[in-house]
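A single chain comes next, written as structure tokens; it is the form predicted on its own.
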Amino acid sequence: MKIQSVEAIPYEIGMRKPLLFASGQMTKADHVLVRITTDDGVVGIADVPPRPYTYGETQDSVVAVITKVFSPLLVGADPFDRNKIAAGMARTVGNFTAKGGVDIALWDIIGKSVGKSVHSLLGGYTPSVRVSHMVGFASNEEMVEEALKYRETYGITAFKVKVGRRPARIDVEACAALREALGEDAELYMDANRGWNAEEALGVARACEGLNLLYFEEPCDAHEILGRRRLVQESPLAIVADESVPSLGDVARELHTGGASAISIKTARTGFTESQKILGLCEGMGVDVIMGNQIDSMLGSVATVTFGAAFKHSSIRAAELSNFMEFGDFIINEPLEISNGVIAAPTAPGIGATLDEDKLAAYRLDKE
């Protein structure tokens, strides 16, 4: 079996409501669908979410690097040789989500060709994972209303709270309002998306000490090296690295040099292959992981639950899996469902998703 063709299809779907956070906002999903086809007709798919405010990738750059740089490496290759392919792509710096999408599509081909779900091939630890919902910037009343809706409708009891505004007391008060409304049993944690400097972030961590929060994600820019290390040492909350750890090497650096005490794994940027390595490093060091959300589409969320449910260490905490419900539509035939606060990992061969070709045709941007 050899790879015959590689497609990178730009498409756009609107959001039902904007998601606001410290480093940007999402009003539409301008993503790229990766489709890899073999000479015997097996098709692997993945979704790539370009985030210029996080990694510098754009929809156009993702399409270009996949079709002009990665495609020559892929066409004619055996899809089972994913580590060889990864080594070839590694010669191109950056482009994390483009590489992640290619890797996921290769795993999809592998699973379909052997008739097994990728969830089972990766390890198949648990059939489902708990869901955490991400609450964006809004008034306290609106944030509480959203959280209560997701709890009452879907049984979700874990919430990531977007913070990073000035004055910082706005976000401290928002966290306090959510804690009061949701009660002590709810799991709450903050994500500042680098919105503050280290000194501001330390003040927020101390101000929230009585709110029983689990984590404080990317409170300041990791390039603020000395301040970040002091923050990790003095914060009453565990500091989660996210945007600052887009690769295995970055994870190793931040953990070994004291830049973080927990890690967010996002399959959108490290695929399945590198995510396995990151997870193994964290488990071996006794470091908590969260399966994060790149404001993923439903197809992207399929990859997250597939990986997160495959291992014990990645399924301990609730995974960020609900924000696809804020998209105006989806392009796969098998919708994910949240019930009693969990999502089941797909069991069909591959990643367990197939394209709705009519919807892809309607939303793709490269139509003649």
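In this text, all values refer to a predicted model and were calculated from it rather than measured experimentally. Numbering starts at 1 and runs along the sequence shown.
Not pictured, yet referred to below: the form predicted together with a small molecule.
In the predicted complex, no residue of the candidate spot (108, 267 and 347) has a heavy atom lying within 4.5 Å of the small molecule. Look at 111 to 119, 246 to 254, 224 to 232, 160 to 168: in the predicted complex, residues with non-hydrogen atoms within 4.5 angstroms of the small molecule sit in 160 to 168. By the criterion of a heavy atom within 4.5 Å, residue 59 is excluded from the residues contacting the small molecule in the predicted complex.
Using a 4.5 Å cutoff between non-hydrogen atoms, residue 313 does not count as a contact of the small molecule in the predicted complex. Heavy atoms of residue 134 reach within 4.5 Å of the small molecule in the predicted complex, making it an interface residue.
Within this chain, residue 293 lines the site of the small molecule in the predicted complex, having a heavy atom no more than 4.5 Å away. The single contact residue among 95, 126, 193, 276, judged by any heavy atom lying within 4.5 Å of the small molecule in the predicted complex, is 193.
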